[in-house]
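Single chain ahead, by itself, as structure tokens, in the form predicted on its own.
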Amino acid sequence: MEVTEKTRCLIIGSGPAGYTAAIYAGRANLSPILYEGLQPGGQLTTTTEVENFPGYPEGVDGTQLMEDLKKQAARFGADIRSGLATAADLSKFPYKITIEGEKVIETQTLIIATGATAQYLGLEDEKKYAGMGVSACATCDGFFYRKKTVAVVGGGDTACEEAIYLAGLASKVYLIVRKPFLRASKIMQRRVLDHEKIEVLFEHNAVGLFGDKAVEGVHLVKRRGESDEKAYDLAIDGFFLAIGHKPNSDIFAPYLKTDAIGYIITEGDTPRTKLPGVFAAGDVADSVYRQATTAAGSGCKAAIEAERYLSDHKL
């Protein structure tokens, strides 16, 4: 497939990392091209209200926040386009990215800001109550459940951390665990099991949610023996998924260093990857914080690094 367009800076992804990179790259006169991907605006567009992004003292709707960032990037000359990157060739410079299996763009610098996708159970009710009681980020949404009852699904370190965080806000936290044991580290297990506000429901599966306009409870099935199960309903106000995230790095992974899950590994506290001129920003390279503000900060770093790379190499 022949190259159909060339650019100095190509940004793949449109969450806080991608849009912030576009703002900085645009102001540096790099004339960046940004492809928004499958979910323009990223994961925040599934959140009703964001209260912890700086500059919005009264909070802001997640979709509105992303629209604000998009407008700001466009103001500084970013060429923002709809479309999904479907293939990458990073085997040699300049790099080539295929869009929708049809168009090939050749770029001198590449900023990967494709984010990560939260893993869900696959229940229809998760979609039905998205933003109305269902969340995959306790740090993002826990504040809305102060003195309420919530459930966390998962048995690993992340689930235990989420449960402990929520226990500092909610009146009661149920930890729904499919297996008869926790997979978390011993210290995290102890903290959860000893916490007065957390109740662990071992050998339980969440099979559905119910409520009028928002989540009011969860349908549970408890395994009591090899062929013995008990179904019952549990009243809750919030349902948090903590069964992992999948970084959207598949097309880039053959060329870059990634961890076992697929998060792109960068050099120290920078967005630099092992390939010169290729940078990773936001959740695709962050398995720890996964916050809008940290993603925006890394997008800023990536754009500054791209500008320096182009300048240093007189490109």
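Heads up: residue numbers just count along the shown sequence, starting at 1. Model, not experiment: these values are computed from the prediction.
The next section is about a form of this same protein that is not shown, the form predicted together with a small molecule.
A.B. asks: Check for me: heavy atom within 4.5 Å of the small molecule in the predicted complex, for each of 154, 159 and 179, yes or no.
C.D. replies: All of them do, each having a heavy atom within 4.5 Å of the partner.
A.B. asks: Test of understanding: in the predicted complex, would residue 121 fall inside 4.5 Å of the small molecule by heavy atoms?
C.D. replies: Output for residue 121 is yes: heavy atoms within 4.5 Å of the small molecule.
A.B. asks: Given that the partner is absent here, does residue 244 sit within 4.5 Å of the small molecule in the predicted complex, heavy atoms only?
C.D. replies: Within the cut-off, so yes.
A.B. asks: Is there a heavy atom of residue 38 no more than 4.5 Å from a heavy atom of the small molecule in the predicted complex?
C.D. replies: The answer is no: residue 38 has no heavy atom within 4.5 Å of the small molecule.
A.B. asks: Might residue 183 be said to contact the small molecule in the predicted complex, defining contact as any heavy atom within 4.5 Å?
C.D. replies: Flag for residue 183 set to yes.
A.B. asks: Specify the contacting stretch among 235-243, 67-75, 214-222, 137-145, defined as having any heavy atom within 4.5 Å of the small molecule in the predicted complex.
C.D. replies: Of the options, only 235-243 has residues within 4.5 Å of the partner.
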